[in-house]
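Single chain ahead, written as structure tokens, the form predicted alone.
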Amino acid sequence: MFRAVVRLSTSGVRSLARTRPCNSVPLASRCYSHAKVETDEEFDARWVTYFSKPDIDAWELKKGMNTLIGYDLVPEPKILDSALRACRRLNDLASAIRILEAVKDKSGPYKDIYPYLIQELQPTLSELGISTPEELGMDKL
């Protein structure tokens, strides 16, 4: 019995003392995407063009906003401007207010983003006759 314990302990020590060969060959990295990387300006232009379509309907507007809000970013004021103008073309005040609410929610803990966006969008909001959620008292609910 004692002999079995010694045999197990010495084989255990030997296995600890053995060094395993280290693979120092770098792994090849693969790039599976051959797509062109879109710049910020191209991204903004694509969405402005999308919302500026004269024949956009309510479904396309909502789908575009859902996709845009799904990205890990807060949309630029020029994108929101074209989305609000699309809401006006469709006479859809509810969607315009939802856009502003979504942007406020998307701003998250960064409290200076939403006031900046409202400041940049104020001429458009005044021109189109759209009230902010704060002006409608929806922030107090």
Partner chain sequence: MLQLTGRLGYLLSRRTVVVRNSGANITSHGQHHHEVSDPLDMSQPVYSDSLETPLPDRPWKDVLDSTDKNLKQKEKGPWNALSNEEKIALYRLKFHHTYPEMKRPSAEWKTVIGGMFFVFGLTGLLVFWQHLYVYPAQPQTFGEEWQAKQVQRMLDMRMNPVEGISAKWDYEKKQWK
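Numbering follows the first chain given and starts at 1. Just so it is clear, the model here is predicted, and its values are computed rather than measured.
Just so you know, the form predicted in complex with the partner chain exists too; it's not on screen, but the next bit is about it.
- Although the partner is absent here, Ile97 is a contact residue: one of its heavy atoms lies within 4.5 angstroms of the partner chain in the predicted complex.
- The shortest heavy atom separation between Asn91 and the partner chain in the predicted complex is within 4.5 Å.
- The closest heavy atom approach of Glu101 to the partner chain in the predicted complex falls within 4.5 Å.
- In the predicted complex, no heavy atom of Asp57 sits within 4.5 Å of the partner chain.
- Applying a 4.5 Å heavy atom cutoff to the partner chain in the predicted complex picks out Leu61, Lys62, Met65, Asn66 from 50-68, in order along the sequence.
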